[in-house]
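A single chain comes next, written as structure tokens; it is the form predicted alone.
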Amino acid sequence: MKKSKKFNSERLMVLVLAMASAISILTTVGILFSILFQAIEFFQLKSFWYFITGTEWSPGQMDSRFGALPIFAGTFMITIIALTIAIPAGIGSAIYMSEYASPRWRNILKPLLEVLAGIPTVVYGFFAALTIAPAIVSFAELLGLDAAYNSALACGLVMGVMIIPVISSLSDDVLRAVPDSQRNASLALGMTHSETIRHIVVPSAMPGIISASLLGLSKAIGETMIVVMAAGLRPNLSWNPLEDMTTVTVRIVDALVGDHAFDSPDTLSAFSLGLVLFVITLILNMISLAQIRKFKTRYKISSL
């Protein structure tokens, strides 16, 4: 009787966990289909080829054009600037906290660093618009350059600071998961502490570090508020980070809050942008998952 009762409780637990997994999968599928059909309807009205290669985005006009290339160019420009700040700072702080900092300093520094993750993005937007952007304009004037107050550079710098905790926290956990036996073996062979970190610890943790960087990339691509307040709303195909630009998420919000009919190309363009953004994010998450599995395999082998 006890065995039967235990068996039933095990089956119930498996069922509950399976339902939890199913909710996650069904939510993802629901999100996909909620934008897929409207995106298909948009591409029936407008050319898909011009959407991905066109250089002019001008909805709401008599001759509306939906060339999304300037929007994606602005998205990747701002994201690259953000990652240029966040990856070195995040990985560097993770190496310091995991390899050099004493337990006391680690208990102080890590919570302070993770406070950045709890600051609302609108506050970051105020900081970018009122502090960083004027400083960039003033510095550019000293160099004889023209810089807009709404610029990709100001947005990217502040966005990079925002995603530092994402990269730092995950990288710190991965670095600390590297077995101490590897460090001790390296030191026993005559390597210095810095050489051990460079040749043993970081390579062993590299898949996890790459995964953390990809998660930071996903967060940067999906950011909206900082872009609105610091980079502007104008689709601008330019390689100059001192000019104003916009991103995919900003244009989605702008299209959905307008007074256009739901079945108009202006509104449906938001779903087409959302579909592309969903595919990009899905690919990044798949790469991140593959890197995590690779790290787990390496960690398992090195622990034997």
Partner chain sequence: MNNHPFHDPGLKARHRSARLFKWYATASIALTLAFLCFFLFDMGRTAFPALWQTYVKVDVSYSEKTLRLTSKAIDRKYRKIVSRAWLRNIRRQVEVKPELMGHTLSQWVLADDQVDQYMKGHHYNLKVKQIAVVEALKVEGAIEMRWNNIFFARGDSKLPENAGLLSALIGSLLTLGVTMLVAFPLGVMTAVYLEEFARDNTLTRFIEVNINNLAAIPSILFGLLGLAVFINLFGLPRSSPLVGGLTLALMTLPIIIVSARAALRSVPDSIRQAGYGLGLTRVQIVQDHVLPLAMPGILTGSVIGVAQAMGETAPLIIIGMIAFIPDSPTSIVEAATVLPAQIFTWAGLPERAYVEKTAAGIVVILLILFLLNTIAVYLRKKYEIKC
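Just so we're on the same page, rigid core means the largest C-alpha set that superposes within 1.5 Å between forms. Not measured: the values here are computed from a predicted model. Residue numbers count along the first chain shown, from 1.
Just so it is clear, the following notes concern the form predicted in complex with the partner chain, a form of the same protein that is not shown.
Among residues of the shown chain, Phe271 is one whose heavy atoms approach the partner chain to within 4.5 Å in the predicted bound form. By the criterion of a heavy atom within 4.5 Å, Val257 is counted among the residues contacting the partner chain in the predicted bound form. Using a 4.5 angstroms threshold between heavy atoms, Ala39 stays clear of the partner chain in the predicted bound form. A residue is said to contact a partner when one of its heavy atoms sits within 4.5 Å of a partner heavy atom; Ala212 fails this definition for the partner chain in the predicted bound form, lying far away. For the options Leu175, Leu83, Ile136, Ile197, the one in contact with the partner chain in the predicted bound form, meaning a heavy atom within 4.5 Å, is Ile197. Only one listed stretch (49 to 57, 66 to 74, 244 to 252, 231 to 239) carries heavy atoms within 4.5 Å of the partner chain in the predicted bound form, and that stretch is 244 to 252. Along 86 to 125, these residues reach a heavy atom to within 4.5 Å of the partner chain in the predicted bound form: Pro88, Ala89, Ile91, Gly92, Ser93, Ile95, Tyr96, Met97, Tyr100, Leu109, Leu112, Leu113, Val115, Leu116, Gly118, Ile119, Pro120, Val122, Val123, Tyr124.
Remark: with the core as the superposition reference, the CA shift of Leu26 between the shown form and the other one reaches 2 Å or more.
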